[in-house]
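Below you'll find only one chain, the form predicted on its own, shown as structure tokens.
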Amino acid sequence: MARKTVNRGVRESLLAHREALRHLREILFANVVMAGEIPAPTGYERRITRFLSDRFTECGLDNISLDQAGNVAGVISGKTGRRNLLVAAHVDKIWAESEDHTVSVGVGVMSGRGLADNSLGVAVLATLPLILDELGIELDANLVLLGTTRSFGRGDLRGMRFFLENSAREIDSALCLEGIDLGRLSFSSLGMARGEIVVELTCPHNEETSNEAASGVIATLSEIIGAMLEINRRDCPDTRILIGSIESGSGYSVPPGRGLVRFEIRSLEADRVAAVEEELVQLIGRFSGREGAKVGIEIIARRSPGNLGIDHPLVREAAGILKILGVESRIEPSVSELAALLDRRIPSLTLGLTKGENRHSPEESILLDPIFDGLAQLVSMLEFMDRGDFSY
């Protein structure tokens, strides 16, 4: 009977949070639009971190700071401050400053580049002090709000890594915010090696050599990709090479002199990532000896696998909250900021805030109403984290 009473109390509190937070609808959505329309390519995040810093200042946060990696942080001081909880969102986007960042608002939906990854996460971070104030929640622990830079590509989580290595505050547990998808439950990080393969012609282009040159770069790219896919076909199921993009050429009539393949090796096992990486290096070594073309490979980022475990109290609580909200949970490993936190054995989760579509496309969109389920989950998790003292 006591167990049912506790569950009933949690359910009532959770659903009450969700409805009360609708009062902040206009402020939250305005922050989403503002964050969405600020370009923030990796390495050039100053404008979006300034936006976050301004919001933190308006909300009266303590110890607002901008570190040498460009991260922006602010602290909501707790009643005792004996522990430190962290809520983080990466501020960079995949889109260049020259791209159109206009946000379109429709009935129950917003669309625009980077909204799902990760303008919504940034906007929720900016609004979180008001959210807690609206609900009358004062945590016992200090709550550190962190906007991290240099997440994507060659950034290699440099912002989060720098913060964890240099922060004077010891973080007890953490949540990472991503715009989509609501129901996502990430408590493990995959081993990963991210790299680029470049094929370049070494002979100059002219009318006499154009056909040979064209077939040379395209044929080499095709062979390399075929060999990579063959590794996928014969390797163990939990190790994969993901080919993220292929670039070559600029039109119909000019033979391409350069080609680029971006890829990631992912596995639950660090040894398997290293083995496949070595196999790719040897593969490229065989191609690099061909006459008329230069072929090279560069590994630009790595992750170590980590796993909090499905039976960890944070994971069980997050799954239970989603169940009360009527949202189906989906276990999904991560290669983002969560990996850096788990590397340092900090109990952490990554949560999605709403439903959305077309991630990393110009038509990227987020649904507005489910955001309040995501906010209720976030607040309830913070309350739970504030009551506990968790180990990895």
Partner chain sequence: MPGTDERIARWLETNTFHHSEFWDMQELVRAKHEAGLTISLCIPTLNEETTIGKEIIVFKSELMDRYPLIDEIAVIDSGSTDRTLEIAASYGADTYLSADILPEHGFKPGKGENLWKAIHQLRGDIICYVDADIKNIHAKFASALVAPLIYRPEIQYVKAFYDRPLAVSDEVRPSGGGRVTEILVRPLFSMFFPELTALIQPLSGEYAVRREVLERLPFPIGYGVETSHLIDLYQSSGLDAFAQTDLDKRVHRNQSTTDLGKMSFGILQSFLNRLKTYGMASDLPELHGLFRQFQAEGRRYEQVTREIFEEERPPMITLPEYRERHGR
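Keep in mind that this is a model prediction, so the values were computed, not measured. Numbering follows the first chain given and starts at 1.
Although it is not shown, the form predicted in complex with the partner chain is what the next lines describe.
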Picking from E58, D62, D67, E363, the single residue whose non-hydrogen atoms come within 4.5 angstroms of the partner chain in the predicted bound form is E58
Checked E269, E138, D100, E298 for heavy atoms within 4.5 Å of the partner chain in the predicted bound form; positive is D100
Given 104-112, 175-183, 241-249, 304-312, the stretch touching the partner chain in the predicted bound form at heavy atoms within 4.5 Å is 104-112
| query | Should L14 be counted as a contact of the partner chain in the predicted bound form, where contact means heavy atoms within 4.5 Å? | reply | no
Q) Should I331 be counted as a contact of the partner chain in the predicted bound form, where contact means heavy atoms within 4.5 Å? A) no
Handout entry: Interface membership of S336, the partner chain in the predicted bound form, 4.5 Å heavy atom rule
Key = no
_Would you classify N31 as touching the partner chain in the predicted bound form, given a 4.5 Å non-hydrogen atom cut-off?_
yes
Applying a 4.5 angstroms cut-off on non-hydrogen atoms, the residues of 357-378 near the partner chain in the predicted bound form are L368
